[in-house]
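Encoded as structure tokens, the following chain is the form predicted on its own, with no partner shown.
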């Protein structure tokens, strides 16, 4: 069975072909990152225009690399949301037109669920787990059981990836901030600077705006000199250690409170070296199994979309041509535009 995945939720335009849900035949991504770099963040209009320009080229390249023809496709899976409305609209419209032209089944999927599903290509999916979704737009803890998601907690302000970008901007490290801060942090002392732990009403909620403000004040006082590489490394290490421990602690708390011994991680920030090491170490001590996606499937990609679509299709779910782009699509509901 050949599944075409289409992902256009933000600044990437991606198509992938998956065979029988476990064999990646192609994974093509066109990013508009360089167009946004000068602005220090994603500009929705630029992202949507890039998706429109690139979608057919990426689709044709995905088929070419997979060595399949359009008539060979058995299923088309596309991101319905959440994300940027203009970008999602391009992908959903393309997928519906293609499905109609090929008389091929269509299924619309949830972007965040797809990030978690990236862990199960070639691996069995556990019947229940705590899902940790960490990206530029989301920091969310969910409980999964029997194909249903329940949100346990999420960020009340900045997402973790957004916090990295803002701190990097304050330190004049460029955009995106995650990879560069991670790189500096590997050589620094994580105990050099201390930050106050935020308090939220929700036990599993997150907040990162406070630490961003603390970074601003420390820089204003001259505590972080951009000219002193060692100080900068120590600062990045301290920032990263602090936020990653907040995330890991709450994830482990969710496991304990919910009585679940499995964690599944997804999203662009799941590529962070400290998160991967710390979560694996702390979970291992407690006998908790951790699923971390391959690095090439951490950022937005169409393989994860194809995999989730394939899984839902096997469960008997389908989407009709009334399905529409939904930038605010909630995880945990019917949510797939399916029936």
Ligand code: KG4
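Note that this is a predicted model, so its numbers are computed, not measured. Positions refer to the first chain, counted from 1.
Although it is not shown, the form predicted together with this ligand is what the next lines describe.
The candidate spot formed by 111, 115 and 179 lies fully in contact with this ligand in the predicted bound form, as each residue has a heavy atom within 4.5 Å of it.
Residue 161 is the only one of 91, 188, 161, 81 with a heavy atom lying within 4.5 Å of this ligand in the predicted bound form.
When you look in the predicted bound form, the only residue of 251, 119, 140, 135 with a non-hydrogen atom within 4.5 Å of this ligand is 135. Within this chain, residue 271 lines the site of this ligand in the predicted bound form, having a heavy atom no more than 4.5 Å away. Using a 4.5 angstroms limit between non-hydrogen atoms, residue 267 touches this ligand in the predicted bound form. In the predicted bound form, residue 299 approaches this ligand with a heavy atom inside 4.5 Å. Of the candidate stretches 252-260, 213-221, 72-80, 163-171, only 163-171 contains residues with a heavy atom within 4.5 Å of this ligand in the predicted bound form. For the stretch 78-109, the set of residues having any non-hydrogen atom within 4.5 angstroms of this ligand in the predicted bound form is empty.
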